[in-house]
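Just the one chain here, laid out as structure tokens, in the form predicted alone.
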């Protein structure tokens, strides 16, 4: 078993032990209850926003909780002296939380639409958005040591990340929106219910992967600055 595989299993156990999977189950039930109240004609329009909003909790804040827990227990600092590389630590977090997000969002999407959805762009959109929120979440939380310090500024960061959702709801279509990192996976999510052009596929995949690479690089630097060097 490789270090990455072992870390993925360890992270999954940590998430299970701290009730993350039970919380996801509750979120699925709540989402199904809320979605059942939305008229059918509005459902496909509102659904990409529902998924993006749900991912803020299931990735950004879940990762924040994991890192703060590891800081409080001292395990994050202890990992510095192990052979585990920073990239493997981050990759394990992204993989486990992305898998959980796919199961969670896939469950209530299946309930709402059954086969009436194109699953390829949906799963790509959820996976890429999860990766972006996980890495962004680490970049924010790693500089704080307690939930009290972290909670208020985290709201400002998530509000900034949610700007494409606001533009989508207001139907504001400008090239400026396409500069925002979270616009690219939102375009892919829209493709789950309506066809999109080839350039939108290229933009959605390429721009998302570009920002994943940039955030991964930034997270490794932040890990060194706020964990290793402290």
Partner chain sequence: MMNLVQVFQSLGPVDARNVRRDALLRWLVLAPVALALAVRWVMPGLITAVTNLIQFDIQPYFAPIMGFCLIILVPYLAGMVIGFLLLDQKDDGTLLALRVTPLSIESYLAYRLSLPMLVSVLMTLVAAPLSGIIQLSWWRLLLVAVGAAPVAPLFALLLTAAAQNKVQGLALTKTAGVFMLPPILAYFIAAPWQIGLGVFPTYWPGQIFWTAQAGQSAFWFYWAAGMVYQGFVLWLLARWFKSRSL
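Source: prediction; values computed, not measured. Residue numbers count along the first chain shown, from 1.
Keep in mind the form predicted in complex with the partner chain is missing from the figure; the text below concerns it.
At a distance of at most 4.5 angstroms from the partner chain in the model of the complex, none of the three residues 39, 103 and 107 contributes a non-hydrogen atom. Proximity of residue 54 to the partner chain in the model of the complex: non-hydrogen atoms within 4.5 Å are present. Among residues of the shown chain, residue 27 is one whose heavy atoms approach the partner chain to within 4.5 Å in the model of the complex. Though the partner is left out of this view, residue 23 does reach within 4.5 Å of the partner chain in the model of the complex, counting heavy atoms only. For the chain shown alone, residue 185 is not a contact residue for the partner chain in the model of the complex, no non-hydrogen atom being within 4.5 angstroms. In the model of the complex, 169, 170, 171 are the residues of 168-199 with at least one heavy atom within 4.5 Å of the partner chain, listed from first to last.
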